[in-house]
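A single chain comes next, written as C-alpha coordinates; it is the form predicted alone.
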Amino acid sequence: MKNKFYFGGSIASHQCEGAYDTDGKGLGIMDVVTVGSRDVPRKFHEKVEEGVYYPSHKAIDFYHTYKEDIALFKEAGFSALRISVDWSRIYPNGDDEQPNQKGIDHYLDVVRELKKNGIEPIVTLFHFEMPLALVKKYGSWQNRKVIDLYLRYAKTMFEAFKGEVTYWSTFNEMNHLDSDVELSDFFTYMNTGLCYSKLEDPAKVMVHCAYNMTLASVKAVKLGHSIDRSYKIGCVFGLTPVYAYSANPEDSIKAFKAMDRDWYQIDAMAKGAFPEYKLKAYRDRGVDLEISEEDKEAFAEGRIDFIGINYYSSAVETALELKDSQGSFFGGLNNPYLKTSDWGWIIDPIGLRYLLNMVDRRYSLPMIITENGLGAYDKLEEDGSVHDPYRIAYVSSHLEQIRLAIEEDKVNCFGYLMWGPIDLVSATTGEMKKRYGFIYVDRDDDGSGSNKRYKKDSFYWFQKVTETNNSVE
(Lines give C-alpha, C1' and ligand atoms only; values in the text may rest on other atoms or scores of the structure.)
Protein backbone atom coordinates (compact mmCIF):
# COMPACT_ATOMS: atom_id res chain seq x y z
CA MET A 1 0.00 0.00 0.00
CA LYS A 2 1.30 3.41 -0.96
CA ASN A 3 -1.00 5.37 1.32
CA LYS A 4 -0.55 5.47 5.08
CA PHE A 5 -2.35 2.75 7.01
CA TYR A 6 -3.21 3.61 10.60
CA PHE A 7 -2.78 1.08 13.39
CA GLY A 8 -4.29 2.01 16.74
CA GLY A 9 -7.37 1.95 18.90
CA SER A 10 -10.67 3.60 19.82
CA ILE A 11 -12.00 4.77 23.17
CA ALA A 12 -15.06 6.74 24.29
CA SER A 13 -15.18 9.42 26.97
CA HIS A 14 -18.02 7.98 29.03
CA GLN A 15 -16.26 4.61 29.21
CA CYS A 16 -12.80 5.78 30.22
CA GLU A 17 -12.62 9.37 31.51
CA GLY A 18 -14.31 9.29 34.91
CA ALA A 19 -14.20 12.75 36.56
CA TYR A 20 -17.90 13.07 35.75
CA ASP A 21 -18.36 16.25 37.82
CA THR A 22 -14.91 17.82 37.33
CA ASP A 23 -14.00 21.18 35.74
CA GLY A 24 -17.56 22.27 35.01
CA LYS A 25 -18.80 19.11 33.31
CA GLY A 26 -22.58 18.66 33.28
CA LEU A 27 -24.46 15.39 33.64
CA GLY A 28 -24.46 13.29 30.50
CA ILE A 29 -26.98 10.60 29.69
CA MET A 30 -24.45 7.86 30.51
CA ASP A 31 -23.75 9.36 33.94
CA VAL A 32 -27.05 7.99 35.24
CA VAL A 33 -26.68 4.44 33.88
CA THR A 34 -25.99 1.69 36.42
CA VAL A 35 -23.62 -1.25 36.24
CA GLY A 36 -25.09 -4.47 34.85
CA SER A 37 -23.82 -7.82 33.60
CA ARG A 38 -24.33 -10.28 30.76
CA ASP A 39 -27.54 -11.46 32.44
CA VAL A 40 -28.65 -8.26 34.23
CA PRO A 41 -29.47 -5.24 32.03
CA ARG A 42 -28.15 -1.81 32.96
CA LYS A 43 -30.77 0.57 34.40
CA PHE A 44 -31.36 4.13 33.25
CA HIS A 45 -32.09 6.67 35.98
CA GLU A 46 -33.34 10.22 35.62
CA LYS A 47 -30.82 11.56 38.14
CA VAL A 48 -27.85 10.43 40.21
CA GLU A 49 -29.29 8.44 43.09
CA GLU A 50 -27.51 8.07 46.41
CA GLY A 51 -25.96 4.68 47.10
CA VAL A 52 -25.97 3.60 43.44
CA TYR A 53 -22.75 2.86 41.53
CA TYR A 54 -22.53 4.49 38.10
CA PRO A 55 -19.46 3.21 36.18
CA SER A 56 -18.92 6.44 34.21
CA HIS A 57 -18.24 8.39 37.38
CA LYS A 58 -14.87 6.67 37.92
CA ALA A 59 -14.25 4.57 34.81
CA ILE A 60 -10.43 4.26 34.48
CA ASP A 61 -9.78 7.96 35.20
CA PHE A 62 -8.36 8.64 31.73
CA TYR A 63 -9.22 12.29 32.41
CA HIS A 64 -6.20 12.40 34.70
CA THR A 65 -4.05 9.54 33.37
CA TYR A 66 -4.17 10.34 29.65
CA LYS A 67 -0.46 11.22 29.45
CA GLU A 68 0.56 7.91 30.99
CA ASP A 69 -1.87 6.00 28.78
CA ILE A 70 -0.86 7.80 25.59
CA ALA A 71 2.78 6.96 26.35
CA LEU A 72 1.72 3.29 26.49
CA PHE A 73 -0.10 3.62 23.18
CA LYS A 74 3.04 5.08 21.64
CA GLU A 75 5.08 2.20 23.05
CA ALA A 76 2.64 -0.24 21.45
CA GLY A 77 3.29 1.47 18.11
CA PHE A 78 -0.02 3.27 17.64
CA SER A 79 -0.19 5.72 14.75
CA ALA A 80 -3.82 6.75 15.47
CA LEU A 81 -6.25 6.93 18.38
CA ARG A 82 -9.95 7.62 18.06
CA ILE A 83 -11.35 9.56 21.01
CA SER A 84 -14.70 11.16 21.71
CA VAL A 85 -15.50 14.58 23.07
CA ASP A 86 -18.16 14.52 25.78
CA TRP A 87 -20.71 17.15 24.74
CA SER A 88 -21.57 17.78 28.39
CA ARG A 89 -17.97 18.86 29.10
CA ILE A 90 -18.26 21.57 26.45
CA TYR A 91 -21.87 22.66 26.99
CA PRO A 92 -22.87 21.27 30.42
CA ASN A 93 -26.60 21.72 29.77
CA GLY A 94 -26.43 21.60 25.98
CA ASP A 95 -27.98 25.04 25.54
CA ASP A 96 -25.62 27.15 27.66
CA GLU A 97 -24.87 30.59 26.27
CA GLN A 98 -21.10 30.04 26.37
CA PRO A 99 -18.98 26.87 26.16
CA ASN A 100 -17.03 25.58 29.12
CA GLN A 101 -13.43 26.62 28.35
CA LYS A 102 -11.99 24.09 30.80
CA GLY A 103 -13.58 21.32 28.78
CA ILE A 104 -12.18 22.65 25.52
CA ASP A 105 -8.72 23.05 27.05
CA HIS A 106 -8.75 19.49 28.36
CA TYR A 107 -9.43 17.96 24.95
CA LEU A 108 -6.89 20.26 23.33
CA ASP A 109 -4.33 18.94 25.82
CA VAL A 110 -5.24 15.35 24.94
CA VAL A 111 -5.01 15.99 21.21
CA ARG A 112 -1.67 17.76 21.52
CA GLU A 113 -0.32 14.96 23.71
CA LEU A 114 -1.29 12.47 21.03
CA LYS A 115 0.43 14.47 18.32
CA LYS A 116 3.52 14.91 20.46
CA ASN A 117 3.71 11.12 20.59
CA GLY A 118 3.25 10.69 16.84
CA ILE A 119 -0.37 9.53 17.12
CA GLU A 120 -3.04 10.86 14.76
CA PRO A 121 -6.13 12.02 16.71
CA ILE A 122 -9.48 10.97 15.25
CA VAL A 123 -12.28 12.82 17.04
CA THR A 124 -15.88 11.65 17.42
CA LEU A 125 -18.36 14.38 18.32
CA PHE A 126 -21.18 12.13 19.56
CA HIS A 127 -20.41 8.72 21.07
CA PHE A 128 -23.49 8.22 23.28
CA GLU A 129 -22.52 11.38 25.21
CA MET A 130 -25.35 13.87 25.34
CA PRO A 131 -26.17 16.42 28.02
CA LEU A 132 -28.98 14.95 30.13
CA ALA A 133 -30.65 18.36 30.27
CA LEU A 134 -31.34 18.21 26.52
CA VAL A 135 -33.42 15.09 27.03
CA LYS A 136 -35.44 16.60 29.86
CA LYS A 137 -35.91 20.04 28.35
CA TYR A 138 -36.31 19.29 24.64
CA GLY A 139 -37.18 15.60 24.39
CA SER A 140 -33.82 14.72 22.84
CA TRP A 141 -33.38 14.24 19.07
CA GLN A 142 -37.09 14.22 18.28
CA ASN A 143 -36.89 18.01 18.66
CA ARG A 144 -35.19 19.81 15.75
CA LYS A 145 -33.92 22.45 18.18
CA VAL A 146 -31.37 19.85 19.29
CA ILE A 147 -29.92 19.84 15.75
CA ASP A 148 -29.08 23.53 16.12
CA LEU A 149 -27.55 22.97 19.55
CA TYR A 150 -25.46 20.05 18.22
CA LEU A 151 -24.22 22.20 15.34
CA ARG A 152 -23.23 24.98 17.72
CA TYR A 153 -21.28 22.42 19.76
CA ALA A 154 -19.70 21.01 16.58
CA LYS A 155 -18.73 24.52 15.44
CA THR A 156 -17.07 25.15 18.80
CA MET A 157 -14.94 22.01 18.42
CA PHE A 158 -14.18 22.52 14.71
CA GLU A 159 -12.88 26.01 15.47
CA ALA A 160 -11.01 25.04 18.64
CA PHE A 161 -9.22 22.11 16.95
CA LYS A 162 -8.39 23.86 13.68
CA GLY A 163 -4.80 23.00 12.81
CA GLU A 164 -4.75 20.22 15.41
CA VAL A 165 -7.16 17.58 14.05
CA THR A 166 -7.76 16.28 10.52
CA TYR A 167 -10.13 13.32 10.98
CA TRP A 168 -13.59 13.71 12.51
CA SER A 169 -16.63 11.51 13.01
CA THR A 170 -20.00 13.17 13.47
CA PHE A 171 -21.73 10.25 15.24
CA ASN A 172 -21.10 6.74 16.48
CA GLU A 173 -23.53 3.93 15.64
CA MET A 174 -26.75 5.88 15.34
CA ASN A 175 -27.78 3.29 12.72
CA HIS A 176 -29.02 1.15 15.65
CA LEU A 177 -32.06 3.46 15.84
CA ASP A 178 -34.48 1.56 13.62
CA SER A 179 -38.17 2.32 13.44
CA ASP A 180 -38.87 -0.91 11.55
CA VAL A 181 -38.10 -3.20 14.50
CA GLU A 182 -38.88 -3.14 18.19
CA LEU A 183 -35.78 -1.76 19.84
CA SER A 184 -34.41 -2.47 23.27
CA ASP A 185 -34.29 0.32 25.80
CA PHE A 186 -30.51 -0.04 25.66
CA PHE A 187 -29.91 0.93 22.03
CA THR A 188 -32.55 3.66 22.18
CA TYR A 189 -31.16 5.18 25.35
CA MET A 190 -27.54 5.15 24.20
CA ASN A 191 -28.38 7.35 21.23
CA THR A 192 -31.17 9.49 22.63
CA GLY A 193 -31.41 9.28 26.41
CA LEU A 194 -34.96 7.98 25.92
CA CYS A 195 -36.29 4.54 26.91
CA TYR A 196 -38.12 2.76 24.11
CA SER A 197 -40.51 0.98 26.47
CA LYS A 198 -41.68 4.29 27.96
CA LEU A 199 -42.52 6.03 24.67
CA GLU A 200 -46.18 6.44 23.72
CA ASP A 201 -45.49 6.03 20.00
CA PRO A 202 -41.96 4.61 19.81
CA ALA A 203 -41.89 4.02 16.04
CA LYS A 204 -42.77 7.66 15.32
CA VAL A 205 -40.25 8.96 17.85
CA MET A 206 -37.52 6.74 16.40
CA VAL A 207 -38.26 8.00 12.87
CA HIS A 208 -37.83 11.62 13.93
CA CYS A 209 -34.79 10.97 16.14
CA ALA A 210 -32.97 8.96 13.44
CA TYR A 211 -33.84 11.48 10.73
CA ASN A 212 -32.80 14.49 12.80
CA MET A 213 -29.49 12.86 13.74
CA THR A 214 -28.83 12.04 10.07
CA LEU A 215 -29.64 15.62 9.11
CA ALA A 216 -27.42 16.93 11.91
CA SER A 217 -24.56 14.81 10.57
CA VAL A 218 -24.68 16.14 7.00
CA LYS A 219 -25.05 19.69 8.25
CA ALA A 220 -22.01 19.20 10.50
CA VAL A 221 -19.99 17.94 7.53
CA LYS A 222 -20.76 21.08 5.53
CA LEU A 223 -20.07 23.25 8.59
CA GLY A 224 -16.72 21.58 9.25
CA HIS A 225 -15.61 21.93 5.65
CA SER A 226 -16.51 25.62 5.70
CA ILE A 227 -14.23 26.10 8.72
CA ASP A 228 -11.31 24.06 7.36
CA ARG A 229 -11.27 22.48 3.90
CA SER A 230 -8.56 20.05 5.05
CA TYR A 231 -10.95 18.39 7.49
CA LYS A 232 -11.84 14.78 6.64
CA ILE A 233 -15.28 14.25 8.16
CA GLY A 234 -17.01 10.89 8.28
CA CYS A 235 -19.50 8.98 10.36
CA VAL A 236 -19.13 5.67 12.23
CA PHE A 237 -21.62 2.83 11.80
CA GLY A 238 -21.98 -0.42 13.68
CA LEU A 239 -22.40 -2.95 10.88
CA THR A 240 -23.25 -6.63 11.09
CA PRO A 241 -23.21 -8.71 7.90
CA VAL A 242 -26.13 -11.13 7.77
CA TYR A 243 -25.99 -14.56 6.11
CA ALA A 244 -28.90 -16.67 4.85
CA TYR A 245 -29.35 -19.79 7.00
CA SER A 246 -29.85 -21.95 3.93
CA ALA A 247 -30.16 -21.88 0.14
CA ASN A 248 -33.88 -21.32 0.58
CA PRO A 249 -34.63 -18.09 -1.36
CA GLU A 250 -36.86 -16.92 1.50
CA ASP A 251 -33.84 -17.07 3.83
CA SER A 252 -31.91 -14.88 1.40
CA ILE A 253 -34.69 -12.30 1.37
CA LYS A 254 -34.82 -12.34 5.18
CA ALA A 255 -31.05 -11.88 5.39
CA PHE A 256 -31.10 -9.09 2.80
CA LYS A 257 -33.80 -7.17 4.67
CA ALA A 258 -31.99 -7.55 7.98
CA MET A 259 -28.82 -6.11 6.49
CA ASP A 260 -30.68 -3.48 4.46
CA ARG A 261 -31.76 -1.67 7.64
CA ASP A 262 -28.19 -0.50 8.14
CA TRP A 263 -27.78 1.22 4.78
CA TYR A 264 -30.27 4.08 4.69
CA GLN A 265 -28.31 6.52 6.85
CA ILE A 266 -25.09 5.80 4.96
CA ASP A 267 -27.03 6.27 1.71
CA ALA A 268 -28.28 9.64 2.99
CA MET A 269 -24.79 10.77 4.00
CA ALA A 270 -22.86 9.38 1.02
CA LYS A 271 -25.22 9.78 -1.93
CA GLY A 272 -26.51 13.32 -1.40
CA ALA A 273 -30.18 12.61 -0.67
CA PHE A 274 -32.30 10.95 1.98
CA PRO A 275 -33.42 7.69 0.32
CA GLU A 276 -36.94 7.56 -1.07
CA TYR A 277 -37.26 3.88 -0.19
CA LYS A 278 -37.01 4.77 3.50
CA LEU A 279 -39.59 7.52 3.21
CA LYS A 280 -41.99 5.03 1.63
CA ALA A 281 -41.33 2.57 4.45
CA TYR A 282 -42.12 5.32 6.96
CA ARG A 283 -45.42 6.04 5.21
CA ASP A 284 -46.34 2.37 5.44
CA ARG A 285 -45.87 2.69 9.20
CA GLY A 286 -48.12 5.74 9.30
CA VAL A 287 -45.34 8.34 9.57
CA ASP A 288 -45.30 10.91 6.77
CA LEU A 289 -41.90 12.57 7.03
CA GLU A 290 -41.80 15.74 4.98
CA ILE A 291 -38.36 16.83 3.79
CA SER A 292 -38.02 20.55 3.15
CA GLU A 293 -36.02 22.03 0.29
CA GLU A 294 -33.55 23.29 2.88
CA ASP A 295 -33.08 19.74 4.18
CA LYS A 296 -32.63 18.40 0.64
CA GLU A 297 -29.94 21.00 0.06
CA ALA A 298 -28.20 19.95 3.30
CA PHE A 299 -28.07 16.31 2.19
CA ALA A 300 -26.74 17.32 -1.22
CA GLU A 301 -23.98 19.51 0.23
CA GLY A 302 -22.93 17.50 3.31
CA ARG A 303 -21.59 14.23 1.95
CA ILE A 304 -19.20 12.38 4.22
CA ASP A 305 -15.53 11.94 3.28
CA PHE A 306 -15.10 8.44 4.71
CA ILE A 307 -16.99 5.64 6.43
CA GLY A 308 -16.04 4.33 9.85
CA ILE A 309 -16.95 0.69 10.47
CA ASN A 310 -17.44 -0.89 13.89
CA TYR A 311 -17.34 -4.64 13.33
CA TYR A 312 -17.64 -7.30 15.99
CA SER A 313 -19.79 -10.09 14.66
CA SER A 314 -22.01 -11.50 11.94
CA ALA A 315 -25.52 -12.92 12.14
CA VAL A 316 -27.74 -15.47 10.41
CA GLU A 317 -31.38 -15.11 9.37
CA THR A 318 -34.00 -17.60 8.28
CA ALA A 319 -37.66 -17.50 7.37
CA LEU A 320 -38.18 -20.83 9.16
CA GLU A 321 -39.20 -21.39 12.75
CA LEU A 322 -36.26 -23.31 14.17
CA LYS A 323 -36.35 -25.17 17.46
CA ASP A 324 -33.46 -24.85 19.92
CA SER A 325 -31.91 -21.99 17.94
CA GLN A 326 -30.11 -19.26 19.89
CA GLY A 327 -30.27 -15.61 19.00
CA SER A 328 -27.14 -13.50 18.67
CA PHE A 329 -26.53 -10.18 20.43
CA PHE A 330 -26.68 -8.28 17.15
CA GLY A 331 -29.89 -9.93 15.96
CA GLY A 332 -30.66 -13.05 13.99
CA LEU A 333 -29.39 -16.50 14.90
CA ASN A 334 -26.00 -17.66 16.04
CA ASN A 335 -23.99 -19.33 13.30
CA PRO A 336 -23.40 -23.05 14.00
CA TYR A 337 -20.13 -22.94 12.05
CA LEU A 338 -18.54 -20.31 14.27
CA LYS A 339 -17.42 -19.96 17.88
CA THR A 340 -18.57 -17.33 20.34
CA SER A 341 -16.81 -15.07 22.84
CA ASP A 342 -17.19 -15.27 26.63
CA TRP A 343 -20.16 -12.91 26.26
CA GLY A 344 -21.83 -14.91 23.50
CA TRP A 345 -20.77 -12.80 20.51
CA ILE A 346 -20.05 -14.70 17.28
CA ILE A 347 -16.38 -14.57 16.18
CA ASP A 348 -16.21 -14.25 12.40
CA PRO A 349 -13.03 -12.75 10.87
CA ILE A 350 -14.11 -13.55 7.31
CA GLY A 351 -17.29 -11.58 7.95
CA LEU A 352 -15.12 -8.45 8.14
CA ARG A 353 -13.69 -9.07 4.67
CA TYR A 354 -17.21 -9.70 3.38
CA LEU A 355 -18.44 -6.47 4.95
CA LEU A 356 -15.54 -4.40 3.63
CA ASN A 357 -16.33 -5.60 0.12
CA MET A 358 -20.03 -4.78 0.45
CA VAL A 359 -19.38 -1.25 1.73
CA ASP A 360 -16.60 -0.58 -0.77
CA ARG A 361 -18.64 -1.63 -3.79
CA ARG A 362 -21.76 0.22 -2.63
CA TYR A 363 -20.16 3.57 -1.76
CA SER A 364 -16.64 3.81 -3.25
CA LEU A 365 -15.50 5.83 -0.23
CA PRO A 366 -12.40 5.39 1.96
CA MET A 367 -13.12 3.20 4.99
CA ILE A 368 -11.47 2.74 8.35
CA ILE A 369 -12.17 0.00 10.89
CA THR A 370 -13.02 2.16 13.89
CA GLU A 371 -13.86 -0.68 16.30
CA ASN A 372 -13.10 -4.39 16.43
CA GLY A 373 -12.24 -6.37 19.52
CA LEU A 374 -12.83 -9.24 21.89
CA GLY A 375 -14.40 -8.87 25.33
CA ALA A 376 -12.99 -11.63 27.53
CA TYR A 377 -12.12 -12.64 31.09
CA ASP A 378 -8.45 -11.83 31.77
CA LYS A 379 -6.41 -12.94 34.76
CA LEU A 380 -3.76 -10.69 36.29
CA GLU A 381 -0.94 -12.95 37.48
CA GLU A 382 1.08 -12.30 40.63
CA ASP A 383 4.04 -11.11 38.54
CA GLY A 384 1.87 -8.52 36.75
CA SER A 385 1.57 -10.47 33.51
CA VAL A 386 -1.66 -11.20 31.63
CA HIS A 387 -1.70 -14.09 29.17
CA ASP A 388 -4.35 -13.52 26.51
CA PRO A 389 -3.61 -15.71 23.47
CA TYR A 390 -7.33 -15.60 22.57
CA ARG A 391 -7.10 -11.84 21.98
CA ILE A 392 -3.97 -12.20 19.88
CA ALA A 393 -5.71 -14.86 17.78
CA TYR A 394 -8.80 -12.66 17.41
CA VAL A 395 -7.02 -9.50 16.29
CA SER A 396 -4.52 -11.40 14.13
CA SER A 397 -7.25 -13.23 12.24
CA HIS A 398 -9.17 -10.01 11.59
CA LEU A 399 -6.04 -8.18 10.41
CA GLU A 400 -5.41 -11.02 7.99
CA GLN A 401 -8.87 -10.60 6.48
CA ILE A 402 -8.29 -6.85 6.13
CA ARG A 403 -5.03 -7.62 4.32
CA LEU A 404 -6.84 -9.93 1.92
CA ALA A 405 -9.60 -7.38 1.35
CA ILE A 406 -7.04 -4.69 0.50
CA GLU A 407 -4.59 -6.76 -1.55
CA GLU A 408 -6.89 -9.21 -3.31
CA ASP A 409 -10.25 -7.43 -3.35
CA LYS A 410 -8.81 -3.91 -3.77
CA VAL A 411 -11.00 -2.26 -1.12
CA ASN A 412 -10.09 1.22 0.08
CA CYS A 413 -9.40 0.74 3.80
CA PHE A 414 -6.92 3.08 5.48
CA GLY A 415 -6.76 1.89 9.07
CA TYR A 416 -7.51 -0.55 11.87
CA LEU A 417 -8.48 0.80 15.29
CA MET A 418 -9.18 -1.94 17.81
CA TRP A 419 -11.69 -1.55 20.61
CA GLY A 420 -10.61 -0.68 23.22
CA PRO A 421 -6.83 -0.71 23.44
CA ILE A 422 -6.98 -0.28 27.20
CA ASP A 423 -9.51 -1.94 29.51
CA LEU A 424 -12.50 0.34 30.08
CA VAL A 425 -16.15 0.22 31.07
CA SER A 426 -18.25 -1.96 28.78
CA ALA A 427 -21.03 0.09 27.21
CA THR A 428 -23.39 -2.86 26.94
CA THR A 429 -23.00 -4.19 30.50
CA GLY A 430 -21.16 -1.50 32.49
CA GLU A 431 -18.62 -4.10 33.59
CA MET A 432 -14.87 -3.86 33.89
CA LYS A 433 -14.35 -7.63 33.87
CA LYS A 434 -15.42 -7.70 30.23
CA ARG A 435 -11.93 -6.75 29.10
CA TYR A 436 -10.91 -5.72 25.59
CA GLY A 437 -7.55 -4.01 25.97
CA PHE A 438 -3.92 -4.72 25.25
CA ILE A 439 -3.43 -2.93 28.58
CA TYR A 440 -4.94 -4.32 31.79
CA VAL A 441 -6.44 -1.82 34.25
CA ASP A 442 -6.75 -2.88 37.89
CA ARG A 443 -10.33 -1.74 38.31
CA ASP A 444 -13.28 -3.93 39.34
CA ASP A 445 -16.97 -3.78 38.50
CA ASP A 446 -17.73 -1.91 41.74
CA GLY A 447 -15.08 0.74 41.07
CA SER A 448 -12.50 -0.69 43.48
CA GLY A 449 -8.89 -1.43 42.57
CA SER A 450 -5.58 0.38 42.30
CA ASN A 451 -6.26 1.60 38.73
CA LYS A 452 -2.70 0.56 37.87
CA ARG A 453 -1.87 -0.36 34.26
CA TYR A 454 -0.25 -3.67 33.17
CA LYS A 455 0.84 -4.74 29.69
CA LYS A 456 -0.78 -7.93 28.46
CA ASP A 457 0.90 -10.43 26.16
CA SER A 458 -1.20 -8.95 23.34
CA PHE A 459 0.47 -5.58 23.95
CA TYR A 460 3.87 -6.98 23.07
CA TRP A 461 2.44 -8.91 20.12
CA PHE A 462 0.76 -5.79 18.68
CA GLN A 463 4.00 -3.89 19.20
CA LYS A 464 5.72 -6.33 16.85
CA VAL A 465 2.89 -6.01 14.33
CA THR A 466 3.25 -2.25 14.21
CA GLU A 467 7.07 -2.47 14.10
CA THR A 468 7.10 -4.73 11.06
CA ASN A 469 3.82 -3.45 9.63
CA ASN A 470 3.57 -6.77 7.82
CA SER A 471 0.00 -7.67 8.70
CA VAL A 472 -1.64 -5.34 6.21
CA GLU A 473 1.01 -3.60 4.15
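We number the residues from 1 along the sequence you see. Just so it is clear, the model here is predicted, and its values are computed rather than measured.
FYI, the form predicted in complex with a small molecule isn't displayed, but the following is about it.
- Checking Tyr211, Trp168, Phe78, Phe128 for any heavy atom within 4.5 Å of the small molecule in the predicted complex turns up a single hit: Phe128.
- Shown without its partner, this chain lists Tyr189, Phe299, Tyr312, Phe161 as candidates; in the predicted complex, only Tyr312 has a non-hydrogen atom within 4.5 angstroms of the small molecule.
- Under a 4.5 angstroms non-hydrogen atom cutoff, the small molecule in the predicted complex has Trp419 among its neighbouring residues.
- At the 4.5 Å threshold, heavy atoms of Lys434 reach the small molecule in the predicted complex.
- For the chain shown alone, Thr428 is a contact residue for the small molecule in the predicted complex, at least one non-hydrogen atom being within 4.5 angstroms.
- Using a 4.5 Å cutoff between non-hydrogen atoms, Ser88 does not count as a contact of the small molecule in the predicted complex.
- Only one of 251 to 259, 218 to 226, 357 to 365, 304 to 312 places residue heavy atoms within 4.5 angstroms of the small molecule in the predicted complex, namely 304 to 312.
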